[in-house]
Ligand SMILES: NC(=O)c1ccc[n+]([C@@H]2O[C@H](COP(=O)([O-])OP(=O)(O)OC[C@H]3O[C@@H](n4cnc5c(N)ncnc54)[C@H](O)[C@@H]3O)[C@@H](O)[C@H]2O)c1
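Next up: just one chain, as structure tokens, the form predicted alone.
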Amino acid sequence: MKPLNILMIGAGMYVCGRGVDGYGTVVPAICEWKKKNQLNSIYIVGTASKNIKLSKLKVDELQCNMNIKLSVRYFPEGAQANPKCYKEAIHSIPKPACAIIAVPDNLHKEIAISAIQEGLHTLVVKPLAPTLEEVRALMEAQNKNKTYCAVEFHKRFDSANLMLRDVIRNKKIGNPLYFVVEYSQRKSLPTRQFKKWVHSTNIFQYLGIHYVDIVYFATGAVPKRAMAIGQKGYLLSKGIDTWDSIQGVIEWEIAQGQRFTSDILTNWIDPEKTSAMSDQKIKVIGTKGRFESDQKKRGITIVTDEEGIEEPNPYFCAPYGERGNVSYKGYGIDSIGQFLDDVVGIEEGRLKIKDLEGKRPTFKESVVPTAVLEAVNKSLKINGKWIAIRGI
């Protein structure tokens, strides 16, 4: 097979670390993948030349750190801002090619369909879309154009969550009765990194969706109804009209009509001095036992004069080694690498798209978490009333 070309639509924090100290997750993952695979060029798409210049600095630094040479073309190529320049990039990329889309949630459908219609295998960051109508439109485009499409639900690759899945599927703790999830991040996320578009999403949609997917992934259950309440205050005082915190309750059904609940408690106004960007815990109580996973405290604490107390997660996306010999490891890296491996397998004829259903977080797999998200968003608008989930 000819070397792969990768279209990267989005050039922000998650892609290359623009606006933060690190280098993101997507470009480090592509660099790691290149070490063992044939990569031709990367096409990185933003909306404004100013931001593209900052992203280019990050990518250049990363190449030096990792001793990797990338062939990169950036869009927009002119000095003017151009929110639609992704269309030019899509038509410019030579085959074989795939697209990785990391833009605000409300743009996923429009941009992903453009990539799919061009025949590009496509990976979209979570959530795939806020509504089932959008997800079904994306699935229709995928089926019509015979492309492989997946959602970047990287928590499915976390060994702690794989263990959770095995514990539940093997009935080690019996039938689940309830899940409790606590998931929060620092207030700089909505007030600085995402300030321009945070009003178009909410904390459950941005963070909580991860653990909705993990409950589904671990149990295979069907959501029957959902409700949610939230609080506004801190962010409103900063001129940002979105929820500080959202608490969602979902009722699920497994075999023989047995039901359990998941309580997913989210916020993104944690103090800046908290010891990790993400504070995350999951607890499952079953009829024969319990499973608890503190996914913030991964067993490492670093204390320094400059940074204070840090509790890094070495299992998500962590750099190892010294400048000029850095490598990245973690389930965030594995998630993107798996997608690229699957694309190559499909292009070489070793894999069929249909064979990946049930084994990867495909667009079809995203129907369940999106149905829950849609119900949660509806419940928020009507003071926490239960919303029935049907038609999935």
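One rule holds for the numbers: they count along the sequence shown, beginning at 1. All values derive from a computational prediction rather than experimental measurement.
Heads up, the form predicted together with this ligand isn't pictured, but that's what we're talking about next.
*Asks:* Even though the partner isn't displayed, in the predicted bound form is H154 close enough to this ligand, meaning a heavy atom within 4.5 Å?
*Replies:* Because a heavy atom of H154 falls inside 4.5 Å of this ligand in the predicted bound form, the answer is yes.
*Asks:* Would L380 show up as a contact with this ligand in the predicted bound form if we use heavy atoms at 4.5 Å?
*Replies:* Heavy-atom contact with this ligand at 4.5 Å: absent for L380.
*Asks:* So in the predicted bound form, does any heavy atom of P104 sit within 4.5 Å of this ligand?
*Replies:* Flag for P104 set to yes.
*Asks:* Should P369 be counted as a contact of this ligand in the predicted bound form, where contact means heavy atoms within 4.5 Å?
*Replies:* P369: no, not in contact with this ligand in the predicted bound form.
*Asks:* The chain here is shown without this ligand. Which stretch in 155-163, 130-138, 191-199, 239-247 comes within 4.5 angstroms of it in the predicted bound form, by heavy atom distance?
*Replies:* Heavy atoms within 4.5 Å of this ligand in the predicted bound form occur in 191-199.
*Asks:* Could you spot which one of K187, R225, K296, H108 gets a heavy atom to within 4.5 Å of this ligand in the predicted bound form?
*Replies:* The residue from K187, R225, K296, H108 that makes the contact is H108.
*Asks:* Do any residues of 53-91 have a non-hydrogen atom within 4.5 angstroms of this ligand in the predicted bound form? If so, which ones, in sequence order?
*Replies:* The stretch 53-91, when checked against this ligand in the predicted bound form, contributes P83, Y86 at the 4.5 Å heavy-atom cut-off.
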